[in-house]
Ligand SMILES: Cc1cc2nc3c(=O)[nH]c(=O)nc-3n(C[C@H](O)[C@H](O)[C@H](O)COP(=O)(O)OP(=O)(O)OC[C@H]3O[C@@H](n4cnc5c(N)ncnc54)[C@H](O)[C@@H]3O)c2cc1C
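Listed next as structure tokens is one chain, alone, in the form predicted on its own.
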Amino acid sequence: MTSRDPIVIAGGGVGGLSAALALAQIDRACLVLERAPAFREVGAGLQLAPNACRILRDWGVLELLDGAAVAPQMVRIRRGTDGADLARLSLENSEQRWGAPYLNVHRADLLSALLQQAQKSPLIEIRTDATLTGFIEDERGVAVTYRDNDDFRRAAGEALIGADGLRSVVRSRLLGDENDRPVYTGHTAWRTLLPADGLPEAMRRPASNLWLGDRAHLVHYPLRGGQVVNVVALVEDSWRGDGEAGDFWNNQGDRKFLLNRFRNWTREALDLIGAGDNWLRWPLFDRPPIDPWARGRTAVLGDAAHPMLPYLAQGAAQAIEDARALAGAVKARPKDAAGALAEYSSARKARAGRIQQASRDQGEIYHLSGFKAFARDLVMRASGPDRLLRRQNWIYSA
């Protein structure tokens, strides 16, 4: 690569800003094109596993989350129908076990920390209200076009990284396959944030809580220094809607549906669901694996390459890992854009693909019913906390 043109990154979310930070650390200039007019507070809570926190600490981002992130003391797994404990997994020795903390954080707070760190770098330029519309490449670089309000503009880059999410323009144009579209999984996530002051003390404790039930499960944990509690109810349903809509993740939901859907669950879980009066419905979509992730001077990253279902809480973490691997490949091949992106693809596709499939499998395990659920619960109790935690080593220790 030459130093004349920046690396263009389509998308200013967690993946895009992570890529910019990683590349700036190896003295590579970046141009981030974010289609939103401004960085808004959207989304809800997410869990940052040690494999993500380790990288964020290296970038100087983790310290910016002090006071916003909550370090859960444990993961508590319960049965939804009666509240019985299936496992209590201590996270208090996360640093010793995996070399980094386990944190719960609001997505907006993570994005704000990434943005704050990116804005410190003279190597990173961020343009908002910039929607990628097309690109072409040759042996000298990549030319991109993007829409800025009603105007169309151009930018030149050494390479193009598509960090533009599930409905990636870069991925679609890279593959040119009309059949490569997001597919509804049959699962929908319902999300709300509750003021912690109005909840029982047990709901406000620094813990990640997981309740398992028939074709549904419930997750809740405190955020923002314990001021709010993030609640996610994931259900199998027959949602039908506009999967192409830009705000498909931001549809208002009816609390009565959830209360009816969880009517056979313990009163403690129902009271938590009933406390939320602003539920957002997020239908979960998936896409098949893409191989390779790169062609010539163009590559994809994060959800554009491997959309993650939330059942292992690895969506943000895998985008962050992608960014680190991308920078490593560019550093190793500073004058060979296509070679660097091919190396990046080769380094990441197996691990990300394995975690993508494991996330799908975990969702099925969470939603078992009848005898299969009974057997799952027996295995969890018999395994013990240490063995259950060791099963995450291959993810968290990387």
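We number the residues from 1 along the sequence you see. All of these numbers come straight from a predicted model, not from anything done at the bench.
Although not depicted, the form predicted in complex with the named molecule is the subject of the following passage.
Novice: Could you work out which of F262, W293, W282, F135 is the residue within 4.5 angstroms of the named molecule in the model of the complex, going by heavy atoms?
Specialist: Only one listed residue qualifies here, and that residue is W282.
Novice: Of the residues S172, T185, Q117, T131, which one places a heavy atom within 4.5 Å of the named molecule in the model of the complex?
Specialist: Residue within 4.5 Å of the partner: T131.
Novice: In the model of the complex, does Q356 have a heavy atom within 4.5 Å of the named molecule?
Specialist: Q356 lies outside the contact set for the named molecule.
Novice: At the 4.5 Å heavy atom threshold, is V229 in contact with the named molecule in the model of the complex?
Specialist: Outside the cut-off, so no.
Novice: Taking heavy atoms and a 4.5 Å cut-off, does G157 contact the named molecule in the model of the complex?
Specialist: The answer is no: G157 has no heavy atom within 4.5 Å of the named molecule.
Novice: Quick one: does H367 come within 4.5 Å of the named molecule in the model of the complex, counting heavy atoms only?
Specialist: No, no contact at 4.5 Å.
Novice: Only one of these stretches, 315 to 323, 84 to 92, 203 to 211, 253 to 261, has heavy atoms within 4.5 Å of the named molecule in the model of the complex; which one is it?
Specialist: Only one stretch passes the 4.5 Å heavy-atom test: 315 to 323.
Novice: Can you tell me which bits of 180 to 205 touch the named molecule in the model of the complex, meaning any heavy atom within 4.5 Å?
Specialist: The stretch 180 to 205, when checked against the named molecule in the model of the complex, contributes A189, R191 at the 4.5 Å heavy-atom cut-off.
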